[in-house]
Structures are given as C-alpha cells and as structure tokens.
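In the block that follows, a single chain appears as structure tokens, in the form predicted alone.
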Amino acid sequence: MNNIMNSLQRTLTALSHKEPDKVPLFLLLSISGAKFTPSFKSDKGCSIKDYFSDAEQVAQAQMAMLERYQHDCLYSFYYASAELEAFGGETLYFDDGPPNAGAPIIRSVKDIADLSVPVPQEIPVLQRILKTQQLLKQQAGDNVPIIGVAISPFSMPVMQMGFEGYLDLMYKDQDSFNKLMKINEAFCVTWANAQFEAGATAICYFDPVSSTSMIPREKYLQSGQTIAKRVLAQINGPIATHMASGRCLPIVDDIAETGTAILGVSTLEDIRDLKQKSAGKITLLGNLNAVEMRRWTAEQVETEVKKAIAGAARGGGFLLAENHGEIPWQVPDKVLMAISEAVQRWGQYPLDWIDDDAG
C-alpha cells in the first residue's frame, strides 16, 4: 500500500508516469461554485453572473467544493469569453449554463489591424481571476494544484469572429491569419504567465479547433501545432492541452511534441486506445461523459469510473476527469459525490481488481 499523498504529490507522481497512492480526480468545477455561494436573494446560491463578480466568493466556493468532493484540483477558470472581454467583446449570462461570447468583435479582416495586445492586469474580469488564484494559493499552498486557463491563439478566433468567418480566414487569407495569430499569441503568453505569477500551478491550454473533429491532421501540423510549439515555449510553467470534447487520437504524438504535459481527451474515443498511444509520453485527462453524467445513477457512476480507471490508470499517466473541461450546471451533487466515492473505492493503487474484473 502506498503512503497517503496530498493532491499535488499525487498529481506529480501520475505525471511522472508512476503510480501514486490513488488515481487523481480532477473535477473541473466552475459555474457550479454559484451553488455554494449564499445570496440575499436565495438560500440555494447566487446567480452565475453575481458569482463571477467577486473573486473572494469564487475562491471560497472552490475551497468548499474541494472539501466536499475530496478531489485533487482547484479550478480558477471563470468562463471562456473572459478573454474576449479583454479584446473589447461582451459576455452573455445564463441562469443554468456557462456564460457565452457575445457578438464577434472582428466583422471583417480590416478589423484585425485595429486590434492590440490586451494587458491582463487592466481587464476587470481578468483581474478577478488573478485575485482568485492569489487567494487560492494563500489557502491551499503547495498541497493542491491550482489550474488556470488560457485559450489557444489558434482557437480564440472562433469567439473573435465566428466559426464560419474564421474558417474563411484560415484557408483563404494567410497574411491576415498570421497577423491575428501574432496578436493572439502575444496575449496568450502574457495571460498564462500572469496566472503563474498569481499562483496557478498549471495552465489548461484549450485548443478545440486543433482537434481532428475540426480540422485534418495535415492542417493541424501546419497551424495549431506550429502555434502551440511557439506559445508553449514562452510560458513559464506546465501546460495541459485540452481538446474540449474533440477527438485527438490521430494526433496524440503530434500534441506531445508541443511540450505539453497533459492531454484532455474525448469520450468519443476509447480510453484504452488513447492510453496505448500516449503511454510514457503524455498524461491523459478524461474521459467521463460530461453530458450523460447528469443522468447517471450510482450504479452507472461506478461502472463508468471503473471503466476509465481500468482503461488508462495502470502505470500512472492518468488523471480522471470529465471530457469537456467544465462540469455542466445540471450535474447533481449526488453524482459528483458518487464519482468521488467510486474513485476512493476503485482508484487505490495497486489496481489489482482490474485483472479480476476487467480482464
């Protein structure tokens, strides 16, 4: 039996492709924190918009969720369009889902020339995120990984100009594409490094456009991978690249070449195949179905947790999480508790039960 580790030790051991005391559990809880935040309007929590208006209550909710679910990370991510706000865009809020990006800020390629690299410390929402990370670092110290987020420069234009407009730019206007990437790359590096200075342990580099669900491998090698290599080389800390539910099996080796330590993988691909291809090269993060888990019974939770652990946890190099990068609002507390309990029951190393139950 391995000695009991704290969350950071457990995670670092898994990242070294060794077996820790138990499988690290990363519940990437963002908007769910609003349910843990009292409000004068309701004893069931505050609105999502009000929740993200105060860095202290986000930090408090993260610590409360860590205590309740006994998982292995603190997630300082607010919402993706926070980075669009840095460029002058707006965020739309919803009562039961993540905030989303408002209208594109780039309506024609001519608008790219007017963009400048934002300074994170001058953007109110990014200031709050940095303060949240500082508060989490003060409370958690070096015991629990604090995860920050930076949107890939290659994926950011989906919010900046819309998906259709971005595809036209990507395939038809290389000069304008390169100009936009230069701005986005500079911002991504600055924003990621600011988060490390504030207390983040690692940065999740969300890059869904690089997924083979979006573009072929050949295009990824010409664009997303090249950009990631440039950007990650300038970021002063460990990176987890996340495909946000997109497929990546054909490009696992290519992603590993960017220098990232972790790869967030999709439930659309077999975790055993992913582990076979990634073993010893990159740690997998995944791949519970974030959409389906809102309907899971306790029995289904146990089945899915055991399936993921059996498929990828042997030898380390695996962090159990959902597949999208954010727990949906609709996932109930009882499911999250059941996931935590299933990991405690079936995630203890050595995983001798796999030979008996999973073959």
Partner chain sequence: MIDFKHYAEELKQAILSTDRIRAELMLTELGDVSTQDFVEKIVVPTMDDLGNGWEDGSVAISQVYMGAKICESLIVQTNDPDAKFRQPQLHFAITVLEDFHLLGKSIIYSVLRGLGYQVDDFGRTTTEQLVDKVEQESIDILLISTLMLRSALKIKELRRKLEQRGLDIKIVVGGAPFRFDTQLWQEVGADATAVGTSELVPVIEKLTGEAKQ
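It should be emphasised that the depicted structure is a prediction, and the values quoted were computed from it without experimental measurement. Numbering follows the first chain given and starts at 1.
Omitted here: the form predicted together with the partner chain. The next part is about that form.
A.B. asks: Should residue 47 be counted as a contact of the partner chain in the predicted complex, where contact means heavy atoms within 4.5 Å?
C.D. replies: Residue-level check for residue 47: no, no contact with the partner chain.
A.B. asks: Taking heavy atoms and a 4.5 Å cut-off, does residue 35 contact the partner chain in the predicted complex?
C.D. replies: No.
A.B. asks: Is there a heavy atom of residue 212 lying 4.5 Å or less from a heavy atom of the partner chain in the predicted complex?
C.D. replies: Looking in the predicted complex, residue contacts with the partner chain include residue 212, since a heavy atom lies within 4.5 Å.
A.B. asks: So, in the predicted complex, is residue 292 in contact with the partner chain at a 4.5 angstroms heavy atom limit?
C.D. replies: Yes, contact at 4.5 Å.
A.B. asks: Of 96, 175, 114, 122, which residue is found within 4.5 angstroms of the partner chain in the predicted complex when only non-hydrogen atoms are counted?
C.D. replies: If I apply the 4.5 Å criterion carefully, the residue I get is 96.
A.B. asks: Counting any non-hydrogen atom inside 4.5 Å, which residue from 131, 230, 247, 272 sits next to the partner chain in the predicted complex?
C.D. replies: Of the listed residues, the single hit is 247.
A.B. asks: Is it true that 101, 216 and 328 each have at least one non-hydrogen atom within 4.5 Å of the partner chain in the predicted complex?
C.D. replies: Verified in the predicted complex; spot residues all in contact, yes.
A.B. asks: Given that the partner is absent here, state which listed stretch (234 to 242, 86 to 94, 177 to 185, 140 to 148) has heavy atoms within 4.5 Å of the partner chain in the predicted complex.
C.D. replies: Selected stretch: 86 to 94.
A.B. asks: Which of the residues spanning 250 to 282 lie within 4.5 Å of the partner chain in the predicted complex, based on heavy atoms?
C.D. replies: 266, 267, 268 sit within 4.5 Å of the partner.
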